[in-house]
Structures are given as structure tokens and as C-alpha cells.
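Take a look at this single chain, the form predicted alone, given in C-alpha cells.
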């Protein structure tokens, strides 16, 4: 999908109040989910302390290399989308057409990497299931499946929002003069990224 230069060039600059409203909405949305995830992480830490040895001895762990690759891919996805928004913002300030082309490329790469992460996250579950480890198999498995399922729901929401923004950019509904919705969707994707990094550290590193 390509952003229509003709369409975006006719967009009037969005009002400051619109930018503030969209940003505040995203702040409240992420804030509420931060508290929800904070509660889940706190429960995770309390249960870990009761085990004594983490991960528990004798269990089959999910693939560490696969999880590491997935983490790097998700971080790269966030960076690509961030670069895209910055390029479009610069174009709105008088940048050249090359910046718009770079933004389109970075956005496509960012979304593509997001889908790649989703596939790898599913493969982590398949890896455990193939080893005969189910949510009911033990504390580690129940925590891993439970927390990553909640995270996966946010990945799906994030990917749908990114695709929706991409369609808006391609149709001219959004552009250099109207980026608040797009940039806030990317902020939500960064939130998804941070949550996964915490999960990665808790289940695979520490």
C-alpha cells in the first residue's frame, strides 16, 4: 500500500484539541492496561517466590532461541514504525518526497515484523504443547500460557490497529498533517513491545 501524495497534501492540519484528545485517550487506555499487567506481574512474582527455584526443576522450558529471535523482531518492528512516523512528521514540516517513500517502507517492514512476531509467539506455544506441557501441567506452564495469552490478545489488537492506520494513510484519511491517531497507535505497539520484554526476562532470563 502506498500513501497517496495527492490526497495527503490536501489534508488540513488537525486542531490542537484533536491531538490532545487522541493522546489523552491513549494515555488512559495504556494506563489502565499498565495497571492490569502490573497486577499480573505482581502475582507472577509472588508465585515465583513460593517456588524457591525458578524455573522449577524437571520442567520443559519453551525454546529460548525462538523467544530471543521473537523479541528482537518485535523490537525491530517498533523501531521501524517509529521511524515511519518521524519521517511523515518531517514531511509535514517540509520534508522531501523521499521521506514519504522511506516512511511507507518502514511502516510496511514494521507491520510485517509484527506479524512475524505473532507467528513466533504461536510457535512457542506449539513447542511446549509438542513436549506435552499444557496450562494444567504446572505453575510455570500455567503462568506462561496465561500471561502470554493475555499479551497475544494485545498483539492482535495492535496489528489490527496498525493495518487500520495503514489503510487510512493509503486512502489519505491520515497524513503528515494528521498523524496523532497513527502516532498513538504506534505508542500502543511500543507498549506491547515493553510488556513482552518483561515477560521474556521473567520466563527466559531471570
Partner chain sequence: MSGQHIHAEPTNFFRKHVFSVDHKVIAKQFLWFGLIWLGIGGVMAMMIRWQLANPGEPVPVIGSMLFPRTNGVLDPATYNTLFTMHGTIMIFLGLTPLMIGAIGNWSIPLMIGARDMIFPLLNCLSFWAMFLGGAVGFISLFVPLGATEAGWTGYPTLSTTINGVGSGETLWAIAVFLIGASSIMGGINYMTTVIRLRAPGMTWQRLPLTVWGIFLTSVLNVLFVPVIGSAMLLLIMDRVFGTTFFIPASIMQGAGGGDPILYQHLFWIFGHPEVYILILPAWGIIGDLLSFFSRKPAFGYRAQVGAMVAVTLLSAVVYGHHMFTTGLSAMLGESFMLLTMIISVPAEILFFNWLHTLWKGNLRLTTPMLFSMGVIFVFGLGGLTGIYLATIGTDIFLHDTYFVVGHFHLTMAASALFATFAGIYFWFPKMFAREMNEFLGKTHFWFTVIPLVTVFCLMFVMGYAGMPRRYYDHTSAEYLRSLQHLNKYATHAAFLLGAAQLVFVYNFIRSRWWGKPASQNPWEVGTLDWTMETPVPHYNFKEIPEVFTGPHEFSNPDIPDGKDWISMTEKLKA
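Positions refer to the first chain, counted from 1. No experiment lies behind these values; they were computed from the predicted model shown.
Form predicted together with its partner chain: not shown, discussed below.
Annotation: in the predicted complex, residues 68, 75 and 90 none come within 4.5 Å of its partner chain through any heavy atom. With a 4.5 Å cutoff on heavy atoms, residue 22 counts as touching its partner chain in the predicted complex.
Within this chain, residue 46 lines the site of its partner chain in the predicted complex, having a heavy atom no more than 4.5 Å away. For residue 156, no non-hydrogen atom is located within 4.5 Å of its partner chain in the predicted complex, even though that partner is not displayed. In the predicted complex, residue 35 approaches its partner chain with a heavy atom inside 4.5 Å. Contact with its partner chain in the predicted complex, judged by any heavy atom within 4.5 Å, is made by just one of 163, 152, 59, 139: 139. Residues within 4.5 angstroms of its partner chain in the predicted complex, judged by any non-hydrogen atom, belong to 129 to 137 and to none of the other stretches in 80 to 88, 116 to 124, 129 to 137, 103 to 111.
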